[in-house]
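What follows is one chain in structure tokens, specifically the form predicted alone.
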């Protein structure tokens, strides 16, 4: 059974004077789904987030969030939304605990959730320090805690891992996984495509205000038909046999030491892997590297540009 939709964007266009920020975009976000929204600066990502938040209304088309029009005067569903902007800004004279308490009252969230959230984002020991003493990464974590107030059903995160070290990024994605398991919709707008690759169920690519791709990474790989990179490593003992084997299996590139690499098209990938994995192949190790999200992103941008 398909999960219920939480955000429905239908034929949406947003103009500012003569400038079109987004043009005829449609998509549906569902509960329990993590979506990566990717595109260059100015592609329309922030405009889409503002439309979902109800900060602006569409020039054409409709936006529904948790069944409501977010641009309407009374948007009750806003209390079930969480939002983390790219650049968080807090009152520097308040402590982290006071700040979360303030936002909890605004959102009518339980005040006892403040301590839980401080612990969840690793700020328990800094809760009574003024925000003016926080590092950028600490302010980002406080912003995430603010976004998590009230157990949001839709979470909109704009460049959420900016300023976080690798350990804290790992902790952040563990929180995202928990939210997804709880049925929340999580939208991640980010330029960090490499880290999104293993975290997003689905990718939406926008360029110049137009949606140019939408699907799982496997969907996008199937559409793009980009080659898969195959790498093999051989030992010193097998070096003398490699030239003969290479001559029978294709045009390999030497990349370092005892490592060879080849880009295999979809039609030759399986047969090449079978030969490389056969018992008589002089190979000590084999790696299969499918097209990355970076490569898919570049492909779809290039394809869209070629049609203009």
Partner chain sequence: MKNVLIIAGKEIQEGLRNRWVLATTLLLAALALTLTFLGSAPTGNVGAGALEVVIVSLSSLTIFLVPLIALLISHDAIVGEMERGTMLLLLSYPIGRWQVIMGKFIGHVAILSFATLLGYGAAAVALAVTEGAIDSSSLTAFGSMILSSILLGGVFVAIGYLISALVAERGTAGGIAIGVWLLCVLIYDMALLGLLVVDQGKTVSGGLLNALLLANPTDVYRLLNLGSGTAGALSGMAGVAENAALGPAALVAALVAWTLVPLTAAAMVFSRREL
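Positions refer to the first chain, counted from 1. These numbers come from a predicted model, not from an experiment.
Although not depicted, the form predicted in complex with its partner chain is the subject of the following passage.
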In the model of the complex, does every one of 118, 179 and 194 come within 4.5 Å of its partner chain, counting any heavy atom? no
Counting only non-hydrogen atoms and a 4.5 angstroms cut-off, does residue 55 reach its partner chain in the model of the complex? yes
Distance check, residue 222 to its partner chain in the model of the complex, heavy atom within 4.5 Å: no
Applying a 4.5 Å heavy atom distance criterion, does residue 107 contact its partner chain in the model of the complex? yes
Check residue 132 for me: does it contact its partner chain in the model of the complex (non-hydrogen atoms, 4.5 angstroms)? no
I need the one stretch from 143-151, 208-216, 164-172, 226-234 whose residues put non-hydrogen atoms within 4.5 angstroms of its partner chain in the model of the complex. 143-151
Partner-free chain; cross-checking its partner chain in the model of the complex, the single residue of 201, 98, 238, 159 with a heavy atom within 4.5 Å is 98
Can you list, in sequence order, the residues from 82-99 that come within 4.5 Å of its partner chain in the model of the complex, counting heavy atoms only? 83, 85, 88, 89, 90, 91, 93, 94, 95, 98
